[in-house]
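Here you get one chain, nothing else, as structure tokens; it is the form predicted on its own.
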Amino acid sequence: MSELPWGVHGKILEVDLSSGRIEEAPLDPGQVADYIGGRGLGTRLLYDRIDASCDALCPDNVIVIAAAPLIGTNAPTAGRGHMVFKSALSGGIGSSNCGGTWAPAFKSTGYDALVIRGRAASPVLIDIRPERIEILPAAHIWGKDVHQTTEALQAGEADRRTRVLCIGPAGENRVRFAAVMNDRNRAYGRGGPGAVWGSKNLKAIRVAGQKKIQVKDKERYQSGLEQSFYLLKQAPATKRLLRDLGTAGLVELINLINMLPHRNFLDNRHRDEDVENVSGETLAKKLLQRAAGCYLCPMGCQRHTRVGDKKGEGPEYETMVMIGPDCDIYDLEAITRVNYLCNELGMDTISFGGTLACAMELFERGILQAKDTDGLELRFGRSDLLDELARRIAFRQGIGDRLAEGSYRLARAFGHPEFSMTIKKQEIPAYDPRASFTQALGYMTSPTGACHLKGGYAVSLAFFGGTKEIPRFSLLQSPIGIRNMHNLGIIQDSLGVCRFTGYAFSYDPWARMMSGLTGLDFSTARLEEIANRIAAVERLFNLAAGLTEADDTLPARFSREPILVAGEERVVSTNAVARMRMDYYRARGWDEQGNPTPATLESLAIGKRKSP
């Protein structure tokens, strides 16, 4: 197609930090029709601009930040940005999503995507305004934490719409699970995007704009909008539960269904009183100041909390559990304080917690010793060490330098990679895969490595999926169920909307809004086709980066060491892993090695990769 759809500006900003060159490129209208925006558009732009075999921390890595057509409208939750890059953890595709207000602010500058390559000779920031684009020195803010950086770059700004995206010390020091932060506490967290920024000497991006978009067919758009709000007000999770307890409200439920990890996923056994100490209910009683929401969010799952004289956001469910019970820690205040600190330093709290849990198990087994840990007794339950370890990791001091590499590289360096609970070298989030085949398969086939979001938010399929609910130990239904959940997540990420809307509705309201907004046909069938196309391109990237079907698996612990689930000992056997993986590939139209077949590529009209 040649005519630009409504809902986009039609411009990509390309920045080369090595040469200082700044250029505008036209957005291919066909890519909006085929990939939408956000995750989909970002993935295609990355695929066409990078040699996937490059080192993630070299200048040749490319960062793509892509907005979506719905951003800039009044669609519920349509404010989520997406960042795509080669992951510093997995070596495969890195794909990270974030709420807050930065993505709408970026789109208001008149661009649909930002592509960054190269490496600056010294610290820089990119300043984007409708009237000018500049690469500016950032030595004065290098070394500052996320909050300090944000305040420094917004100070004196007359335009209240100015927003800052930045890294903290963890990113500067290339911690492999460093995050990129906006609105002080909102994180592009998984896969180490902050390390990639740090490797490029990129400290921050500041934006301010006022460009708006228009809706092509207002009546059709409005019908989808009204449908979405109606359904969000009907579903219990989106109507009330998320606002009342936030994501930490899941702690008690996940423990009830035997999925709450303990001591580096050694088991799922917790005392009831310990779980209560780190529950969303206790958080609400003891630390909560107010609930809030991201941009245009009617659900309001944010927790604004206080511990002593410190205030911040969170902790979310994943943070609470990975730094908490997975490390045998049930001290709510200690978990919350280190959550604040991780936000300030710019670190993914899931990988932070998973790496500490691995280190604690290595220490208790005598593999890591006091001489390796600066004399620190890294035992399970050491809540008193959390803040100190966070700082040592962010600044790569002593044992922190080892931990900054993530749990896989840590455990491998000491000869025992089997104690790293990772998939594709990325730490597994806070749901034990032995308690659900859907969750296990979601983790295994996530393109970015173990991820609760890229893995399809599979826990919902078995316990609160409504009409889509399937048995959690169904070998037959799990592959189709996970493919469908993956696809819904791909579309949500490409639309720039929140995954939690999926508790209320699936494709239909979005299809109406997108069709009305753009003037294109975005039927539910078309959205499914687009999701399959994006999944195939992500797979092609990973194959080019050297990942294979052998990476779509679980750590051996989950097939060898059972946990008790509903009165029965459960593992995910190697046979179950192989069968589900193969059936998932078939459902995707991939061959036995996980390669998209020529027929699949042709049917999806993916086309050949362009030269970088």
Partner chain sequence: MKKKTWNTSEDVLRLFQTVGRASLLYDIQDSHSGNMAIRHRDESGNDWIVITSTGSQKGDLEPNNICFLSPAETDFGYYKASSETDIHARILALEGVAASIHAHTKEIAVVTLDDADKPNQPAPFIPVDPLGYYHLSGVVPVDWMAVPSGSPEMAKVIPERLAEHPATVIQAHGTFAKGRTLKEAFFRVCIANNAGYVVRLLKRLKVDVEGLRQRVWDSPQASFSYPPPDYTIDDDDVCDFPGETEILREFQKAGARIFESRLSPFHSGSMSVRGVGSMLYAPKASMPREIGGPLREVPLEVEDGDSPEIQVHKQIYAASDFQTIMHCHVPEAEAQAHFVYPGDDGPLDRIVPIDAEGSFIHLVIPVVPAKTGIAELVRLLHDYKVVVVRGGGVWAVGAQSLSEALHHPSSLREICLYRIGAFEQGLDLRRMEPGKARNW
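Since the model is a prediction, treat every value here as computed from it, not as a measurement. Numbering follows the first chain given and starts at 1.
Although it is not shown, the form predicted together with its partner chain is what the next lines describe.
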The one option of A525, A121, A370, A413 with any heavy atom within 4.5 Å of its partner chain in the model of the complex is A525
Interface check vs its partner chain in the model of the complex: of M485, C294, L241, L520, the one with a heavy atom inside 4.5 Å is M485
Of 338 to 346, 391 to 399, 208 to 216, 224 to 232, the segment with heavy atoms within 4.5 Å of its partner chain in the model of the complex is residues 224 to 232
G481: heavy atom within 4.5 Å of its partner chain in the model of the complex? yes
Exercise. Looking in the model of the complex, any heavy atom of K424 within 4.5 Å of its partner chain?
Worked result: no
Is L543 near its partner chain? Define near as a heavy atom within 4.5 Å, in the model of the complex. no
Is there a heavy atom of K286 no more than 4.5 Å from a heavy atom of its partner chain in the model of the complex?
-> no
Taking its partner chain in the model of the complex and a 4.5 Å non-hydrogen atom cutoff, the residues of 469 to 486 making contact are E469, I470, P471, R472, F473, S474, L475, L476, Q477, P479, I480, G481, R483, N484, M485
